[in-house]
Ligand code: NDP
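Single chain ahead, by itself, as C-alpha coordinates, in the form predicted on its own.
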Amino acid sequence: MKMKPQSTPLQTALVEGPLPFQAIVARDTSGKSIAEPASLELSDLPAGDVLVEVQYSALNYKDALAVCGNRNKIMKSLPFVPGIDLVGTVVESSDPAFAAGDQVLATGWGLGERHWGGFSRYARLKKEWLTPLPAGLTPLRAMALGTAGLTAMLCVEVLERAGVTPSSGEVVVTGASGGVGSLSVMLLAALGYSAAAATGKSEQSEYFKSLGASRVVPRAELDRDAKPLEKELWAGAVDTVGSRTLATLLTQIRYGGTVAACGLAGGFDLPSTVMPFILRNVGLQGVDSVYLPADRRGPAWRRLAELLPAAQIDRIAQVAKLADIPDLAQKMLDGKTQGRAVISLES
(Lines give C-alpha, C1' and ligand atoms only; values in the text may rest on other atoms or scores of the structure.)
Protein backbone atom coordinates (compact mmCIF):
# COMPACT_ATOMS: atom_id res chain seq x y z
CA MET A 1 0.00 0.00 0.00
CA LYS A 2 1.33 3.41 -0.99
CA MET A 3 2.01 5.59 2.02
CA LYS A 4 0.47 9.05 2.02
CA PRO A 5 3.23 11.70 2.41
CA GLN A 6 3.13 13.53 5.70
CA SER A 7 2.22 17.20 5.65
CA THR A 8 4.78 19.73 6.78
CA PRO A 9 3.80 22.12 9.61
CA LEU A 10 3.37 24.94 7.09
CA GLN A 11 1.19 22.87 4.73
CA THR A 12 -0.99 21.96 7.69
CA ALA A 13 -1.17 25.62 8.69
CA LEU A 14 -2.29 26.66 5.22
CA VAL A 15 -5.29 24.36 5.61
CA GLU A 16 -6.04 24.57 9.31
CA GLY A 17 -5.04 28.09 10.23
CA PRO A 18 -2.17 30.52 10.86
CA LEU A 19 1.27 29.32 11.91
CA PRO A 20 3.27 31.51 14.30
CA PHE A 21 6.85 32.12 13.18
CA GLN A 22 9.72 34.39 14.15
CA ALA A 23 10.73 37.66 12.52
CA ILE A 24 12.44 40.95 13.29
CA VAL A 25 9.70 43.58 13.34
CA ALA A 26 10.19 47.33 13.58
CA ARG A 27 7.37 49.08 15.40
CA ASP A 28 6.62 52.60 16.53
CA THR A 29 7.19 52.65 20.29
CA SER A 30 6.55 56.03 21.93
CA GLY A 31 7.44 57.83 18.72
CA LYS A 32 10.62 55.83 18.15
CA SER A 33 11.26 52.96 15.75
CA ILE A 34 12.25 49.83 17.66
CA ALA A 35 13.19 46.60 15.84
CA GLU A 36 13.18 43.36 17.82
CA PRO A 37 12.23 39.67 17.55
CA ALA A 38 8.49 39.02 17.35
CA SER A 39 6.00 36.31 16.36
CA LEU A 40 4.00 36.66 13.16
CA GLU A 41 1.36 34.64 11.35
CA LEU A 42 0.92 34.05 7.62
CA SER A 43 -2.04 36.41 7.61
CA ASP A 44 0.28 39.22 8.70
CA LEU A 45 2.36 39.02 5.51
CA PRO A 46 1.74 41.51 2.68
CA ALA A 47 0.31 40.37 -0.64
CA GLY A 48 2.44 38.56 -3.21
CA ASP A 49 2.46 35.85 -5.86
CA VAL A 50 4.86 33.44 -4.15
CA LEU A 51 5.16 32.29 -0.54
CA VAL A 52 8.76 31.47 0.36
CA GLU A 53 10.11 29.68 3.41
CA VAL A 54 13.24 31.69 4.12
CA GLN A 55 16.40 29.78 5.02
CA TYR A 56 18.91 32.65 5.19
CA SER A 57 19.04 36.39 4.94
CA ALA A 58 21.95 38.80 5.33
CA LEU A 59 22.67 41.96 7.28
CA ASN A 60 23.54 44.85 4.96
CA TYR A 61 24.31 48.47 5.81
CA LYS A 62 20.77 49.52 4.83
CA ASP A 63 19.39 46.85 7.16
CA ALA A 64 21.58 48.10 10.00
CA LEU A 65 20.20 51.61 9.53
CA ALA A 66 16.65 50.28 9.56
CA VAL A 67 17.15 48.10 12.63
CA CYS A 68 18.84 50.89 14.59
CA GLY A 69 15.99 53.32 14.18
CA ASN A 70 16.73 55.22 10.98
CA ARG A 71 13.19 54.62 9.76
CA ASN A 72 12.91 57.71 7.56
CA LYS A 73 16.06 56.78 5.67
CA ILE A 74 15.07 53.19 4.92
CA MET A 75 11.60 51.94 5.90
CA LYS A 76 8.59 53.78 4.55
CA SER A 77 6.02 52.58 7.09
CA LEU A 78 5.61 50.75 10.41
CA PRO A 79 5.21 48.00 11.51
CA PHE A 80 7.80 46.60 9.11
CA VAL A 81 10.11 43.62 8.56
CA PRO A 82 13.59 44.72 7.36
CA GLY A 83 16.03 42.61 5.31
CA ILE A 84 16.91 43.41 1.69
CA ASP A 85 18.18 39.88 0.89
CA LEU A 86 16.72 36.41 1.26
CA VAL A 87 17.03 32.86 -0.05
CA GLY A 88 14.66 29.99 0.51
CA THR A 89 12.21 27.45 -0.86
CA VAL A 90 8.89 28.12 -2.56
CA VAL A 91 5.98 26.82 -0.49
CA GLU A 92 3.17 27.86 -2.79
CA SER A 93 2.85 29.98 -5.92
CA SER A 94 0.00 31.48 -7.91
CA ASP A 95 2.32 31.95 -10.89
CA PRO A 96 3.42 29.03 -13.13
CA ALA A 97 6.98 30.39 -13.28
CA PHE A 98 7.58 28.93 -9.81
CA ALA A 99 6.45 25.76 -8.09
CA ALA A 100 6.58 24.40 -4.56
CA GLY A 101 10.07 23.11 -3.83
CA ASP A 102 11.91 25.58 -6.09
CA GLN A 103 14.93 27.23 -4.46
CA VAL A 104 14.94 30.96 -5.08
CA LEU A 105 16.70 34.11 -3.96
CA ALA A 106 15.70 37.76 -3.91
CA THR A 107 17.68 40.97 -3.48
CA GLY A 108 16.61 44.58 -3.94
CA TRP A 109 13.30 45.54 -5.57
CA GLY A 110 12.39 47.54 -2.45
CA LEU A 111 12.60 44.55 -0.09
CA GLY A 112 13.35 45.79 3.41
CA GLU A 113 12.41 49.32 2.31
CA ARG A 114 8.94 49.40 0.73
CA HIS A 115 8.02 45.74 1.05
CA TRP A 116 8.55 43.43 4.02
CA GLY A 117 11.91 41.73 3.68
CA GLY A 118 14.03 38.76 4.64
CA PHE A 119 14.24 38.96 8.44
CA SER A 120 11.28 36.61 8.67
CA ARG A 121 10.86 32.83 8.47
CA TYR A 122 8.28 33.30 5.72
CA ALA A 123 7.94 35.97 3.04
CA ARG A 124 5.31 36.60 0.40
CA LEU A 125 6.84 38.15 -2.74
CA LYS A 126 6.11 39.19 -6.31
CA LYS A 127 7.27 36.58 -8.80
CA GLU A 128 9.40 39.06 -10.79
CA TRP A 129 11.55 39.68 -7.72
CA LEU A 130 12.71 36.05 -7.60
CA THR A 131 15.79 34.52 -9.22
CA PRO A 132 16.32 30.73 -9.30
CA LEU A 133 19.21 29.71 -7.09
CA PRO A 134 22.16 29.07 -9.46
CA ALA A 135 23.46 25.51 -9.75
CA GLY A 136 26.42 24.86 -7.48
CA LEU A 137 25.54 27.65 -5.03
CA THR A 138 24.17 26.67 -1.62
CA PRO A 139 21.57 28.87 0.11
CA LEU A 140 24.09 29.89 2.79
CA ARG A 141 26.70 30.91 0.22
CA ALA A 142 24.08 32.74 -1.80
CA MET A 143 23.51 35.01 1.20
CA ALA A 144 27.23 35.34 1.87
CA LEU A 145 27.12 36.99 -1.56
CA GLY A 146 23.67 38.61 -1.52
CA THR A 147 23.21 42.22 -2.62
CA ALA A 148 26.90 42.82 -1.98
CA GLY A 149 27.97 40.05 -4.35
CA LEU A 150 25.56 41.10 -7.08
CA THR A 151 26.71 44.71 -6.81
CA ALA A 152 30.38 43.71 -6.85
CA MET A 153 29.82 41.60 -9.97
CA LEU A 154 28.14 44.53 -11.72
CA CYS A 155 31.03 46.84 -10.77
CA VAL A 156 33.60 44.45 -12.19
CA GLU A 157 31.56 44.14 -15.39
CA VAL A 158 31.58 47.94 -15.72
CA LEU A 159 35.38 47.87 -15.72
CA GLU A 160 35.41 45.02 -18.24
CA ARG A 161 33.07 46.83 -20.62
CA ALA A 162 35.20 49.98 -20.33
CA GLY A 163 38.24 48.04 -21.53
CA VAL A 164 40.04 47.80 -18.19
CA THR A 165 41.84 44.45 -18.38
CA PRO A 166 44.26 42.66 -16.05
CA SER A 167 47.12 43.94 -18.23
CA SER A 168 45.92 47.56 -17.90
CA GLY A 169 47.40 47.92 -14.42
CA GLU A 170 46.36 47.89 -10.78
CA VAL A 171 42.72 48.35 -9.79
CA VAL A 172 41.86 49.76 -6.35
CA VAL A 173 38.80 48.86 -4.27
CA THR A 174 37.70 51.24 -1.51
CA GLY A 175 35.84 50.12 1.61
CA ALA A 176 37.49 46.74 1.16
CA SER A 177 36.47 45.45 4.60
CA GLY A 178 32.78 45.71 3.71
CA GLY A 179 30.67 43.25 1.76
CA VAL A 180 30.85 44.89 -1.69
CA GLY A 181 34.50 45.78 -1.20
CA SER A 182 35.71 42.38 -0.09
CA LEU A 183 33.75 40.60 -2.80
CA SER A 184 35.05 43.01 -5.45
CA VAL A 185 38.61 42.18 -4.39
CA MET A 186 37.83 38.47 -4.63
CA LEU A 187 36.22 38.77 -8.06
CA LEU A 188 39.01 40.91 -9.50
CA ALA A 189 41.63 38.49 -8.21
CA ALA A 190 39.70 35.53 -9.63
CA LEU A 191 39.74 37.24 -13.04
CA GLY A 192 43.49 37.86 -12.89
CA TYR A 193 43.51 41.53 -11.93
CA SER A 194 45.96 43.07 -9.47
CA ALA A 195 43.53 44.44 -6.86
CA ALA A 196 44.62 46.84 -4.12
CA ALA A 197 42.39 46.94 -1.03
CA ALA A 198 41.85 50.43 0.42
CA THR A 199 40.64 50.18 4.02
CA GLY A 200 40.74 51.70 7.46
CA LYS A 201 41.76 48.28 8.78
CA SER A 202 45.18 48.10 7.16
CA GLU A 203 46.54 46.25 10.20
CA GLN A 204 44.60 43.23 8.93
CA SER A 205 46.62 43.01 5.73
CA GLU A 206 46.85 39.21 5.89
CA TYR A 207 43.06 38.95 5.78
CA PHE A 208 42.86 41.09 2.67
CA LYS A 209 45.67 39.19 1.01
CA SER A 210 43.78 35.97 1.71
CA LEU A 211 40.94 37.44 -0.35
CA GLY A 212 43.36 38.00 -3.22
CA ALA A 213 44.44 41.62 -2.65
CA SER A 214 47.81 42.55 -4.15
CA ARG A 215 48.42 45.05 -1.36
CA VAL A 216 46.63 47.17 1.24
CA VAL A 217 46.22 50.95 0.92
CA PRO A 218 45.49 52.88 4.16
CA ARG A 219 42.17 54.72 3.95
CA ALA A 220 43.78 58.03 4.87
CA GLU A 221 45.71 58.06 1.59
CA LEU A 222 42.43 58.53 -0.28
CA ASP A 223 40.08 60.09 2.28
CA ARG A 224 41.45 63.64 1.96
CA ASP A 225 41.23 66.79 -0.11
CA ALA A 226 42.83 66.24 -3.50
CA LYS A 227 44.43 68.39 -6.17
CA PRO A 228 42.56 68.72 -9.49
CA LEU A 229 44.97 66.14 -10.94
CA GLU A 230 47.42 63.85 -9.17
CA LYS A 231 49.85 61.14 -10.21
CA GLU A 232 48.25 58.43 -12.34
CA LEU A 233 48.14 55.31 -10.16
CA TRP A 234 45.15 53.14 -11.03
CA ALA A 235 43.84 51.54 -14.22
CA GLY A 236 40.40 51.48 -12.63
CA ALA A 237 38.57 51.47 -9.33
CA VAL A 238 35.53 50.13 -7.51
CA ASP A 239 34.37 52.78 -5.04
CA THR A 240 31.94 52.06 -2.21
CA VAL A 241 32.68 55.24 -0.24
CA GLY A 242 31.94 58.37 -2.29
CA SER A 243 32.71 61.94 -1.19
CA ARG A 244 36.41 62.88 -0.82
CA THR A 245 37.57 59.32 -1.42
CA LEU A 246 35.89 59.14 -4.82
CA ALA A 247 37.09 62.64 -5.68
CA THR A 248 40.69 61.68 -4.88
CA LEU A 249 40.40 58.45 -6.87
CA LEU A 250 39.30 60.33 -9.97
CA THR A 251 42.45 62.46 -9.89
CA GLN A 252 44.63 59.30 -9.77
CA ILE A 253 43.01 57.19 -12.52
CA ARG A 254 45.23 56.57 -15.52
CA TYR A 255 44.34 57.93 -18.94
CA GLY A 256 41.27 56.15 -20.26
CA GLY A 257 40.54 54.38 -16.97
CA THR A 258 37.15 53.99 -15.29
CA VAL A 259 35.66 54.12 -11.81
CA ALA A 260 32.58 52.05 -10.90
CA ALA A 261 30.83 53.89 -8.06
CA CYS A 262 28.23 52.07 -5.97
CA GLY A 263 28.27 53.47 -2.43
CA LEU A 264 28.23 56.55 -0.24
CA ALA A 265 29.50 55.34 3.13
CA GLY A 266 31.70 58.46 3.29
CA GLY A 267 29.01 60.85 2.06
CA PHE A 268 26.90 61.62 -1.00
CA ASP A 269 28.80 64.74 -2.06
CA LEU A 270 31.52 64.76 -4.73
CA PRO A 271 34.03 67.62 -4.26
CA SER A 272 35.70 67.18 -7.64
CA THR A 273 36.44 69.02 -10.89
CA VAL A 274 36.01 68.20 -14.57
CA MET A 275 39.79 67.91 -15.02
CA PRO A 276 40.08 64.07 -14.84
CA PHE A 277 37.26 63.70 -17.36
CA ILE A 278 38.40 66.17 -20.00
CA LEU A 279 42.19 65.83 -19.67
CA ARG A 280 42.57 62.09 -18.95
CA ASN A 281 39.43 60.70 -20.52
CA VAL A 282 38.45 59.14 -17.17
CA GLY A 283 35.06 57.44 -16.96
CA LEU A 284 32.71 57.40 -13.95
CA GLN A 285 29.88 54.86 -14.02
CA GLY A 286 27.26 54.49 -11.32
CA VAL A 287 26.15 50.99 -10.33
CA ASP A 288 22.78 50.01 -8.83
CA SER A 289 21.63 46.46 -8.17
CA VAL A 290 18.31 47.25 -6.46
CA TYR A 291 16.27 47.71 -9.62
CA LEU A 292 18.48 45.75 -11.97
CA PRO A 293 16.20 44.20 -14.65
CA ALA A 294 15.34 40.56 -14.02
CA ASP A 295 16.91 39.37 -17.28
CA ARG A 296 20.32 40.63 -16.14
CA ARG A 297 20.20 39.10 -12.68
CA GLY A 298 20.38 35.44 -13.65
CA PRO A 299 23.56 35.80 -15.75
CA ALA A 300 25.26 37.87 -13.04
CA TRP A 301 24.38 35.32 -10.36
CA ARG A 302 25.56 32.42 -12.49
CA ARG A 303 28.85 34.18 -13.11
CA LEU A 304 29.29 34.77 -9.38
CA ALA A 305 28.74 31.07 -8.73
CA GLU A 306 31.29 30.13 -11.40
CA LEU A 307 34.04 32.59 -10.46
CA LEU A 308 34.22 32.36 -6.67
CA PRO A 309 35.41 29.13 -5.02
CA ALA A 310 33.29 27.91 -2.11
CA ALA A 311 36.24 28.19 0.29
CA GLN A 312 36.62 31.88 -0.50
CA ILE A 313 32.94 32.60 0.02
CA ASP A 314 33.04 30.73 3.34
CA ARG A 315 35.98 32.87 4.45
CA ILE A 316 33.92 36.05 4.51
CA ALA A 317 30.67 34.53 5.87
CA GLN A 318 29.80 34.82 9.55
CA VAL A 319 26.54 33.05 10.42
CA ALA A 320 24.33 34.54 13.12
CA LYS A 321 20.80 34.02 14.42
CA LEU A 322 17.74 36.22 14.03
CA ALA A 323 17.99 37.35 17.65
CA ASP A 324 21.56 38.57 17.05
CA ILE A 325 20.49 41.16 14.47
CA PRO A 326 20.01 44.23 16.73
CA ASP A 327 23.49 43.85 18.27
CA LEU A 328 25.14 43.08 14.93
CA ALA A 329 23.43 46.07 13.30
CA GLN A 330 24.90 48.48 15.85
CA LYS A 331 28.35 46.95 15.44
CA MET A 332 28.07 47.40 11.67
CA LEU A 333 27.19 51.08 12.04
CA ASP A 334 30.13 51.46 14.43
CA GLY A 335 32.49 49.98 11.83
CA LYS A 336 33.23 46.91 13.95
CA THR A 337 32.20 44.22 11.48
CA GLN A 338 34.04 42.55 8.63
CA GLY A 339 32.94 40.44 5.69
CA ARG A 340 29.33 39.27 5.45
CA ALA A 341 26.87 38.63 8.28
CA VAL A 342 24.60 35.78 7.16
CA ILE A 343 21.39 35.38 9.17
CA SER A 344 20.01 31.88 9.65
CA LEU A 345 16.21 31.69 9.81
CA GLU A 346 16.25 27.95 10.37
CA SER A 347 15.41 26.83 13.90
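Note that residue numbering follows the sequence shown and begins at 1. As the structure is a prediction and not an experimental result, all values here were calculated from the model.
One more form of this protein, predicted together with the named molecule, exists but is not displayed; see below.
| request: Answer yes or no: in the predicted bound form, does the named molecule come within 4.5 Å of a heavy atom in every one of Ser167, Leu211 and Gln312? | output: No, the whole trio is out of contact, none within 4.5 Å by any heavy atom.
| said: Exactly one residue in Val290, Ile34, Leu307, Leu322 has a non-hydrogen atom within 4.5 Å of the named molecule in the predicted bound form; which is it? | reply: By the 4.5 Å criterion, the partner-contacting residue is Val290.
| query | Exactly one of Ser177, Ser120, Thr258, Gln252 has a non-hydrogen atom within 4.5 Å of the named molecule in the predicted bound form; which residue is it? | reply | Residue within 4.5 Å of the partner: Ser177.
| task | Consider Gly263 of the chain shown here, and say whether it contacts the named molecule in the predicted bound form, taking contact as heavy atoms within 4.5 Å. | result | Answer yes; at least one heavy atom of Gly263 falls within 4.5 Å of the named molecule in the predicted bound form.
| 4.5 Å heavy atom contact, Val241 and the named molecule in the predicted bound form | Close contact exists here: in the predicted bound form, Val241 approaches the named molecule to within 4.5 Å, heavy atoms only.
| in the predicted bound form, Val185 touching the named molecule (heavy atom, 4.5 Å) | No, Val185 is distant from the partner.
| query | Is the gap between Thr337 and the named molecule in the predicted bound form 4.5 Å or less for some heavy atom pair? | reply | Contact with the named molecule, yes.
| Heavy atoms within 4.5 Å of the named molecule in the predicted bound form: which stretch among 111-119, 228-236, 146-154, 124-132? | Going through the listed ranges, the match is 146-154.
| task | Would you mind checking 50-67 for residues with a heavy atom within 4.5 Å of the named molecule in the predicted bound form? | result | In sequence order, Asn60, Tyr61 come within 4.5 Å of the partner.
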